[in-house]
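Read the single chain below, which is given as structure tokens and is the form predicted on its own.
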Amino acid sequence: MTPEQNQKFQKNFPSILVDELMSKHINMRIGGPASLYLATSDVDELTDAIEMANKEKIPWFIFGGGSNLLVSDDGFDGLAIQVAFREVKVREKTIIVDAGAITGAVARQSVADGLEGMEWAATLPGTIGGAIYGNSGCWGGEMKDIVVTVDAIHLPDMKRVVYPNAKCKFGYRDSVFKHEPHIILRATLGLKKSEDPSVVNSRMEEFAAKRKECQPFSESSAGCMFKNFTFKDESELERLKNDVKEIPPEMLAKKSLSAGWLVSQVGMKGEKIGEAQISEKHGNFIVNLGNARAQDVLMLTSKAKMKVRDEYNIMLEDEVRLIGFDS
């Protein structure tokens, strides 16, 4: 970016920051400076910033809570926009929630208001927008199960759209928003009234306790690094039964192998490069031990993927977005 472009953005957006370290805003606490950083709680300001970036041919990206994101050590030569609109409205069995609302907080509010169907999400990091974008899920629940509509901006023409659940094309850690350029603004979630709120609350607390026990809850990470591996057909399942010994019955039943389990099977738990480490608690998390570099994380993920590929002929897919890298 040129100094003239920087000045133009600062003039039009007084709250914008120059050369802001992304490590301050990313859950993994890794990442060099973004040339420009804008946290906005106003949709008009958001669209104005994008339109100016497009006009100036400046690269930009949008993020929410900073999970599922790894930013290059060199930073990002462009505009980083953090969605900060977080309003939550509960209306009987419906929640209308802005994209920037923290998913876990929304889940806990839903339980406190006597609703059920979202208690599984109380352990999720990140925002509602990110959860919809990647159809986040855990403990048997997924966003696709509760999304009624999604309000977004269709970027090619900058028009506001409202998609019902079916048009979101939800799949495993997937949605239409990963394949067609949109900005998610808010969503309507459909839950149901709980017959016994104390049971739902207990279930939510049980999920939270399990997460603390089996995941590096208190350490800096981007969340799950890889997607779980899903069998394409029965022939692949038969091959894996021969190649992968002692597959847990629950994974066979779901026709899906846990990425963390695969990484553990090839002996990578606890592996370190620099101050990045594959968690000793869970093979699908890489934690920052203090001063890890993005490059350390990339080398560690590459090593884990190669070992799983060589041993089981399975190529794990990244779940984390990479920002500021050459490719």
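So that there is no doubt, residue numbering starts at 1 and follows the sequence shown. Because the structure is predicted, anything quoted here is derived from the model rather than measured.
The protein also exists as the form predicted in complex with a small molecule; that form is not presented, and the subsequent description refers to it.
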Stretch in contact in the predicted bound form with the small molecule, which is absent here, among 249 to 257, 232 to 240, 188 to 196, 111 to 119 (heavy atoms within 4.5 Å): 249 to 257
Heavy atom within 4.5 Å of the small molecule in the predicted bound form - residue from 93, 169, 86, 227: 227
Sole residue of 29, 272, 293, 281 within 4.5 Å of the small molecule in the predicted bound form, by heavy atom: 281
103, 144 and 202 all contacting the small molecule in the predicted bound form, non-hydrogen atom within 4.5 Å: no
Partner proximity in the predicted bound form: residue 41 to the small molecule, non-hydrogen atom cutoff 4.5 Å: no
Distance check, residue 182 to the small molecule in the predicted bound form, heavy atom within 4.5 Å: no
Heavy atom of residue 78 within 4.5 Å of the small molecule in the predicted bound form: no
is_contact(residue 319, the small molecule) in the predicted bound form, heavy atom dist at most 4.5 Å: yes
